[in-house]
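Shown here is one chain on its own, the form predicted alone, set out as structure tokens.
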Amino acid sequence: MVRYLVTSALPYANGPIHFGHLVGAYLPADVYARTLRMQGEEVLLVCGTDEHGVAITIGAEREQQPYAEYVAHWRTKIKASFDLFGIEFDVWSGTSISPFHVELSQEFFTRLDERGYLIQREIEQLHCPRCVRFLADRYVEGTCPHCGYEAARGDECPRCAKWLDPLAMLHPRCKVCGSTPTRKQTRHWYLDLPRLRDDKIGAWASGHEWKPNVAKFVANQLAEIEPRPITRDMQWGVPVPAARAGEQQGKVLYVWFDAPIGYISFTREWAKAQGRPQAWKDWWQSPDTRLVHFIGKDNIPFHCIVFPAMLHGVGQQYVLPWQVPATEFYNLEGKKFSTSAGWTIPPEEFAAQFDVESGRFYLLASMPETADSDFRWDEFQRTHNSLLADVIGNLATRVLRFQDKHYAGRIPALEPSYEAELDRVLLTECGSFADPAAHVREFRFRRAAEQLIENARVANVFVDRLAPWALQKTNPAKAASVLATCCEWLAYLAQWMAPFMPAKAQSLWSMLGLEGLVAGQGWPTLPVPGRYRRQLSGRKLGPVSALFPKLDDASIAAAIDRLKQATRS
């Protein structure tokens, strides 16, 4: 049986997440997993925080916090943001706390070394005599050799945006103490990507069917591939295995190397919690598994080439990615999200002011699937008011409130003599409808969101055409049949909504007087004449309320003003 192992890029435990992160790797993974589960598929959604690396040590030292406390703080904050937006993982952990992560990462290192896929190189690196440590690139500041900017970082110049080699910087200094570093020899391990490419990964990656934006990236990377360093001189991280380190002590695995192994560590953690400690192998070492990585485009090289090379290189029959539906960049009002500059929308602030389910839908409807796209406040308002409120919300309230008032709060009876006529009108004359899940399976979330709205429009056209409020005066039996048919469609709509807006879907399900969780009902087949009704007549409605109260101009203007004020402060 096919099973779907779904991962979202591990968020870095060095700061808050924003909408660009949510839409890039986490919300689409959640919708995909929810949809497949409703269709009866076996799915495991894995995530957790990436908790090693230089940026974290710098952040923790700046805050004067122990590294473990620092990452624990951001792990909790990031998870809280996901919880607010209804993003649910089967396992959530962190690379510094998962009980299997050190062992597994070291096992990967050892097996790659034993199988000849690691090489050692003696290199020159900047060393701070006062701090008595080698300086990773982000611990170095100095003058950019390209543009002369005097506050350049060791990895990149903020002014000219060129990538930098710390050894090439003019007037380098230690970011911690300000001392002038010296040059010193050190030895590091490199992953032999050219050999791994030639052994298998090149043919596999070039022959794999990727999304067009991913395929182009992969082709460029394969042509330019070089050995990649996998160790660093620092203390915070997974130590190089002692049996392999020899005299090269004080080295850890580079964060990019151990981070993707976290997907496997967390799965092992999940399996143990299930009381089946070996079950992780069913997901990672079975040909029945379809591995799907949800990432942003900056992570394509790691998930389409480097991590697959590692999985192949250890020789343990690990599955390689089936799909990597990478997104392009998501901007805010035409500019890149920047938490440090205040050009962002904190998820917690949004949730305090607006409906997060509406936010989920708008993010999906504006996803940067094949090209960069934007969050725009005016478009969010238009989507909420014109699509969610006017199409879905209005359909539900006008149908259900009319029944609440005129039919004692119950779904009226369907007169059998009208069934064929109403089926014909609804299913063939009121517009086209299709299965949103088909688009979700193709990673076309924008189109899936559009399809959901199109399906709701069909019922609106049906109601407008047959006008049950007018029919009630001339043909009460037909009016009741029209309303009963509308309720049948609303039940379908609740199920179609469930992956996109799970709370709103449940609210609509409950308004119809239906029991249980809507997501637990499974995914409905498309309605066909004579074979789609659930026989809802006579069912007592639940409390009816507006699903999507309209957003006024003042609330949107206030949000825009808050954004502008934050960038000025």
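Here the rigid core means the biggest group of C-alpha atoms that line up within 1.5 Å when the two forms are laid on top of each other. Don't overthink the numbering: it's just position in the shown sequence, from 1. This is a predicted model, so every value here is computed, not measured.
The discussion below concerns the form predicted in complex with the RNA, not included here.
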query	finding
Heavy atom of T485 within 4.5 Å of the RNA in the predicted bound form	no
Partner contact for E349 in the predicted bound form: the RNA, 4.5 angstroms, heavy atom	no
4.5 Å heavy atom contact, A136 to the RNA in the predicted bound form	yes
Heavy atom of P229 within 4.5 Å of the RNA in the predicted bound form	yes
In the predicted bound form, the one of T143, T397, T344, Q495 near the RNA [non-hydrogen atom within 4.5 angstroms]	T397
Residue among R410, K272, R446, R187 with a heavy atom within 4.5 Å of the RNA in the predicted bound form	R446
Every residue of E379, L387 and V463 near the RNA in the predicted bound form, heavy atom within 4.5 Å	yes
Proximity to the RNA in the predicted bound form (heavy atom, within 4.5 Å), stretch among 97-105, 243-251, 315-323, 229-237	229-237
Residues within 4.5 Å of the RNA in the predicted bound form, restricted to 278-298 and counted by heavy atom	K297, D298
Core-aligned C-alpha movement of K478 between the shown form and the other one, 2 Å or more	no
Core superposition between the shown form and the other one, C-alpha change of R197 at least 2 Å	no
